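Subsequent text provides structure tokens for two forms of one protein chain, presented individually as structure 1 and structure 2.
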Structure 1
């Protein structure tokens, strides 16, 4: 028996020597590994800023509260001893106790939390995206099995302002549209990690070994959008859409010299801070994704082409009949009138379809098509915006007999609102089309800006032709034109109305109208273009009455906000009718 005891004790000694001396390091590592947990530290997404650095979208720290249901069913903590308050005692608690403590912090009922905490799962999310303050309060309770996972949430300080431009996220936090999707690689940071020891209850050991790799936040992106101007455009547009009973509307403000988009308004819009059905059908940017036939605002391209080709001048006289038959179809103007003599400036000012056809047919169809293409019709804008439509412009040799004439007054082709505004930017810029832009650059952590690459302009018509067309467009806002409501006291304004039949894809037919006005100011030294379009208004539909007043409100605000003074020059007198006519 003595020898047996000695052998057993010897075995114990050998095993003890192996554990404490030979395998001590390996065993310690194994024990440490069982206690270590590595968690991802999400990188904050970069901010989206307006042109002045105001925050339009930003990410903030949030926490998901999670539970190990196997631990929380029986957890322990120290409480004051009721018999001797100076002492503490270890108390064993359960699911219901945890639910009672958590309910007021998480804003949930005790019963609902109890159901969530009960089960056999090692990982269940109890509450998502709570604030750091809530997480700290939860963590201070020291409830076994309750832990926090650091996440982030996207917030929009200005609510739904510019939401169709900024974009939105899916329920699983994926960027789905707008700048959030377009610039996702720049905005997305690099996640870090943290490794720590935890006790059997799942709580972090305060003095436990910790290793960490810091997260690298995403880059901040500065847009060309001006927050205040965007707000004004959205307010004015939204009010008019409601007042006219329109289906929808868009407003675009473009800086002439470089094509920068200062405002891009949609109505109705949506609030990216909301979730669920409230996002609904408005979850898109109509100004780039929806296309329509521009109608008479497209006549400026025909005017530019025929003047550039030398076929017509602003003073060329046309005897405009009440109707005109071409390609087996009878065309007419918006209003019945007797034979009237108009200069080409008068044709544009009175928005005569027939007069525009008579001028446009002096130039071959292929030539007209080439000018439309140079203005950017039927081509991507270059913004690379998610969901953008490039519009429709069929090749000239595929035009039907009537389409040869309808394209001259803006039907038989389709554009988006930014393309339509870009046409007028081209004319205002002396005939040079600058590709529109929405991104000013990437902002460094120190606040300095790395500007986006400069865009190269394309000459569409000569500066002489552009000046003539602008002068003609001033006649549109005169008392004899179609948009006197677009005038701004003290400023010279030029622009064009549009009232087009609206194609409705639901019925495959024309139903309702598109009312629009696109203008520029100051006319003799253009700096801004504002394009307003209303789809299917029912309380009035002429562009001069439903869209021109919105143009006036937005342009007036923009001129004042950007401190653009009037030039003081007097508008030229351009005859709309011939001498003695």
Structure 2
């Protein structure tokens, strides 16, 4: 008896020795490992704000509800015994009961949920990106096999507003376009982590080990876009694209003094909250990614060049014939007319191709090319916007015989809408071209702004030339010009229509038109440039009738919203026809 006790006790002693002395550290580690948990603290992506700090895109906490299908089908819980209420009994529930409980919270039908919950998979996402409140309610149900995964979602409080500027993501949440891709490094934060000991109920143990690295949220970016103006531009443009049956349209609003883009509207655009293959064609920023031949709006560059070179003044008289043969091709104006005498201002106001050719051929082709390049044609805008196209401007020595003449009236070269607007910014800014910009700076958490580096302007033409060109452009919106529709009562408005033959990639030919109007106001102290372009409108196609009204709507609102009062000056009467002519 005594011996047995001795043996047993010594066995205990040996085991105790083994546990305490030999395996102690390993076992302690194992125990700690069971209590220790490391959780990733996800960093939220920075916000994209408009120029006034209103949120255009923000990241918020969301939860994916996931299920282990093998666990949920044998889900059990204790319920009060109906026979003896003081006792509880184990009740086996399952997929159906879980679905009934979850359906109202997740806003799905019981049948759809049941289908999702049943199977043999260990990990199936039941609902994506639900709000924290919904997740908390789901978690409180304590359904076996149901778990939550913390994620974040990009929300756009203003809906599809400025979506082509803000950008979009791939299906696996990589930024693919717009500011989201362009400023990804600034917007992306750094995930943190937290390691702590917890008890079986998930509570942190007070005296336990704890180590944490805080998450660093992404930086907030402030754009030059004005949310209200952007909305107005999108509304006016969208309505006109619909009304004219156009394929697409763009509207650009640029602040003259610094080249800041205040609105960049695309139609049709896309809804960033929707997904699907139908979005594909619209997942781009047409104003920067699509190029087209500008047509008559390009004539201001010719006008600036010939005036700057001293070959022509606004009062130079041209006898404009109905047709003109150059490089073996017969050129026409938009409509048949007898030989008419026009001043150069009249040529521009009536948008005569032949008059522009007669003025432009007084200056060598290489010089014209230089001016076009300095106006930014065929050059990157400097925005570095993803998917941007810099347009096409062939070197002067590669111009075909007719191209030397077509570039004078804006055909045979192509631009994007921002480049086209930037030309008018240059003229409006006294001949100094400010590279367009979209990012105002980084907004610190305390609300202060770290501005983007200042950009340097380049002089393209003299202030005197710019003034003359603006004065001529005022003639365009006169009763005798092509765009009286662009007039805004009380203001001096200058601008130019464009009705260009549109190159259709589908047939490799010219088919349909590009109708545009680019204008500035107030003409005697320009502050804003608005450029409206409609691609292939079918109910009307002249720039003066399809685009000018949109210009007027947007400019009227912009002058109001940005509180730009009229200067009170009266437009000088510019002679469009020679004295006695």
Partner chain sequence: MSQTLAAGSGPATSRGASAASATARPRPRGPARAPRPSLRVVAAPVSERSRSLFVGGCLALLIGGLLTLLMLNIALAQGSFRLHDLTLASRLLTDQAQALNEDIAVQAAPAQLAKKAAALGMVPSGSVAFLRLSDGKILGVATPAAAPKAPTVSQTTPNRATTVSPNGATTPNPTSTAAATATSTKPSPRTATAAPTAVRTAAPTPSKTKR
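Numbering follows the first chain given and starts at 1. These numbers were taken from a predicted model, which means no experiment stands behind them. By rigid core we mean the largest C-alpha set that fits within 1.5 Å across both forms.
Of these two forms of the chain, identify the one that is the form predicted on its own.
Only structure 1 fits here, because that chain is the form predicted on its own.
Note yes or no: does the Cα of residue 105 move by 2 Å or more between the two structures after the core is superposed?
After core superposition, the displacement of the residue 105 C-alpha between the two structures reaches the 2 Å mark, so yes.
For residue 140, decide whether the Cα shift between the two structures is 2 Å or greater, given a superposition on the rigid core.
Moves: yes, 2 Å or greater.
Residue 66: with the rigid core matched between the two structures, does its Cα shift 2 Å or more?
Yes.
Once you lay the two forms on top of each other by their rigid core, how far has the C-alpha of residue 128 moved between the two structures, in Å?
The alpha-carbon displacement, core-superposed, is 2.6 Å.
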